[in-house]
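Coming up is one lone chain in structure tokens, specifically the form predicted on its own.
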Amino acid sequence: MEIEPRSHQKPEPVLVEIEPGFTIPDFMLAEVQIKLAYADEHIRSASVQPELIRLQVEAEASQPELIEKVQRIVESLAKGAIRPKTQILEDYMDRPVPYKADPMPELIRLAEISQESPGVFALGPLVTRLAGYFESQFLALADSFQAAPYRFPTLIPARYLERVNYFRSFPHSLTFATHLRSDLDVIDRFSQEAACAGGELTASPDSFAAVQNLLSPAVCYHLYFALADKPLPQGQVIATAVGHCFRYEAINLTSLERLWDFTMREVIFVGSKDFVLENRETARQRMREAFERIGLAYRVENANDPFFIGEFRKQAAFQSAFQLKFEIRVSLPFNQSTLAVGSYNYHQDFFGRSLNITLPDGSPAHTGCVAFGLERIAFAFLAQFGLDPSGWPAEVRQAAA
């Protein structure tokens, strides 16, 4: 597995090879690979093997500090790790698909995507229509539940995320929003001196106001905050919304597979435990029928959110034991891997307790959602069916071509 270098120009990196303090289990290689992106800002690429980690790093990096951070990540994630038990709910990975190549080069050649910065892409007409087709399927799912439509802001208050412990669980993925201080001298100085060097804005940190808002990492959070500190209307809610989500993934941001700015359509359930779990399962069954119609090769399996080191194994074990998250992993034939394009989630009463959302009997509400990444599923479809609509399933071709 390789992490591609950052897109902007840097001096030639140097190779650093690190022998981990113990052999990294094969089932933890991918997780270590992902987390190495956050070890040190001087890392430009990484390759992980069970007994050797190779890093390309900027020449000015302090290698002793770098090695210590890498060893800390490896030990936190992999030392004493036990292979998780995989539960597969659906497996259609053997469905034949006509395309085997990486769609990215062709998408770039045809100007169907345009990279504006790492993890930030503009989509052309073909990909936009394809994403629209998949959103229509997810809207049909929402309509089957008579889900109430919502529109949520892109910004989310820092005080909200603090209430749900986001700063502790996912600090590495946060994207902060600020503005210039309301001071005429600061504004004048910025307008005269601000410039970009190497793709980075050069301005004094003192120019910016304290962070009160962040770019939202998930759609469903906004609904839970809207329901906070009061009884749940009629004891249950089913809602749907689409929105831009932001999760920074450093040098892992390499293609449409991993985006900093992506679009998520969710169907959200709030109510009793049985209400949430039954609707989550109904949603899965209905989406299975939709994926079957177009012949998508995928599987649904239990998964874990990418919690930060120190919390990862505890949280991963908890999620696995209570079947809190199942991912829709679509086959990518060009590299014989899979890509998570959506998930079926159950949060138990975490948001109910944290935000004081109560059922008619006064107990905390349970929550869950089904969530689909529109850019990801469009990319995964193209990886199986190519960019020529004539080779697409008829339903998709008629709706999106």
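Sequential numbering from 1, following the sequence displayed. As the structure is a prediction and not an experimental result, all values here were calculated from the model.
FYI, the form predicted in complex with guanosine-5'-monophosphate isn't displayed, but the following is about it.
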query: In the model of the complex, the residue from S45, T338, S343, Q348 that sits within 4.5 Å of guanosine-5'-monophosphate by heavy atoms; finding: S343
query: Contact residue in the model of the complex, from F262, Y92, Y150, Y160 (heavy atom within 4.5 Å of guanosine-5'-monophosphate); finding: F262
query: Partner proximity in the model of the complex: G373 to guanosine-5'-monophosphate, non-hydrogen atom cutoff 4.5 Å; finding: yes
query: 4.5 Å heavy atom contact, L256 and guanosine-5'-monophosphate in the model of the complex; finding: yes
query: Partner proximity in the model of the complex: R247 to guanosine-5'-monophosphate, non-hydrogen atom cutoff 4.5 Å; finding: yes
query: Residue contact check: H172 to guanosine-5'-monophosphate in the model of the complex, 4.5 Å heavy atom; finding: no
query: Contact segment among 50 to 58, 32 to 40, 330 to 338, 365 to 373, judged by heavy atoms lying within 4.5 Å of guanosine-5'-monophosphate in the model of the complex; finding: 365 to 373
